[in-house]
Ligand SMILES: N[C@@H](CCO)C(=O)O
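Just one chain is shown here, as structure tokens, and it is the form predicted alone.
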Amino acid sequence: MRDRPCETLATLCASEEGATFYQIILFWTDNLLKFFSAISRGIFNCIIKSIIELKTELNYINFSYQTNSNKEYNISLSYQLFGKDLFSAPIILVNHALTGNSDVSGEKGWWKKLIGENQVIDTNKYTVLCFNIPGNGYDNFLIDEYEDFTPSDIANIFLKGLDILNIKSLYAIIGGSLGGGIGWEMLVKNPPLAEIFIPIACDFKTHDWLHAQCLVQKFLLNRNDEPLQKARIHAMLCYRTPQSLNYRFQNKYNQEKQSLESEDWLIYHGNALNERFSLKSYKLMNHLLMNINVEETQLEKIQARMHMISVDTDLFFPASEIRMCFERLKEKKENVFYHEITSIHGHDAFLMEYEQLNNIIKNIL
């Protein structure tokens, strides 16, 4: 009669050869388990990464829109979401600045030092939403007749996007520079929309000095010889201050290039923007910055608690103008507050002075 399998295996393992064989079996079994466990972890990590990428990829809303100038457009409004799932946490809308986009957080996020896991705007706690201004080119949607649009139109489009997403209220709207100007426009049109409004380095309208700088930009952008590069070089001088450039470069001369290092820096920024931005998009964004125009008498209707943040050396939106707006609003409303970033870097300080900005916003949210 043939031995049963279990008895045969027991007899084999009792011998010296069998013990060696048994150890080999244990070794390969253990390593195979580790191998498959590693594969499982890898697959799991890939799945998690795919979910995160899917969540933060560009989403699109398509609808028709009639501008304030009575022009009909088919709008492709793109946006990104970061942090908690929509409707599972307080929603913060971030409006991007002139050459910004919806990619505000993550590895390549332009505001990643402010928005992310365990940052001041904590994606473990909030849902962060950011629309692309239609025509900024980040989603390849371009607008030829850019003068058909104003910041008021962009505000209408963002409000339409919120409506389509069924978002009736926001915890906060935060915007820097042009993005803050669009925030002012949105809240005048829908006063109860947000609990908190944080406009950074911006005002409710484009004042004469900024309008004049945008006009110079427009002239440069309409030229044929490297228009975007030259406009960007001029803009960099407005984003920063004489003190900022002088402190950084101190007249250092590059013997190899036979030029000042400050000149190389400006040319670099002109070329860098030309590589990632289209001329059509820049013309549109400059036009929008040139035409922020909220009626001051409408500001007191806004129900949000307002925290206006200026930069003491800002040449684009001077702190004195923002402070004046605050003081006039404070006479009519209680929930208005003023904060000021101290920096030699001018307008761009809201993208540089993160310690100060984080401390301010931490005490607001």
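A residue's number is simply how far along the shown sequence it sits, counting from 1. Keep in mind that this is a model prediction, so the values were computed, not measured.
Keep in mind that the form predicted in complex with the ligand is not shown, yet the notes after this line are about it.
In the predicted bound form, at least one heavy atom of residue 177 sits within 4.5 Å of a heavy atom of the ligand. The closest heavy atom approach of residue 344 to the ligand in the predicted bound form falls outside 4.5 Å. The ligand in the predicted bound form is not approached by residue 141, whose heavy atoms all lie more than 4.5 angstroms from it. The ligand is not drawn, but in the predicted bound form it has a heavy atom within 4.5 Å of residue 99.
With the partner omitted from this view, the residue of 73, 79, 126, 239 that lies near the ligand in the predicted bound form is 239 [heavy atom within 4.5 Å].
Figure note: of the listed segments 231-239, 165-173, 216-224, 131-139, the one touching the ligand in the predicted bound form, with heavy atoms no more than 4.5 Å away, is 231-239. For the partner-free chain shown, 347, 348, 350, 351 of 327-356 come within 4.5 angstroms of the ligand in the predicted bound form, judged by any non-hydrogen atom.
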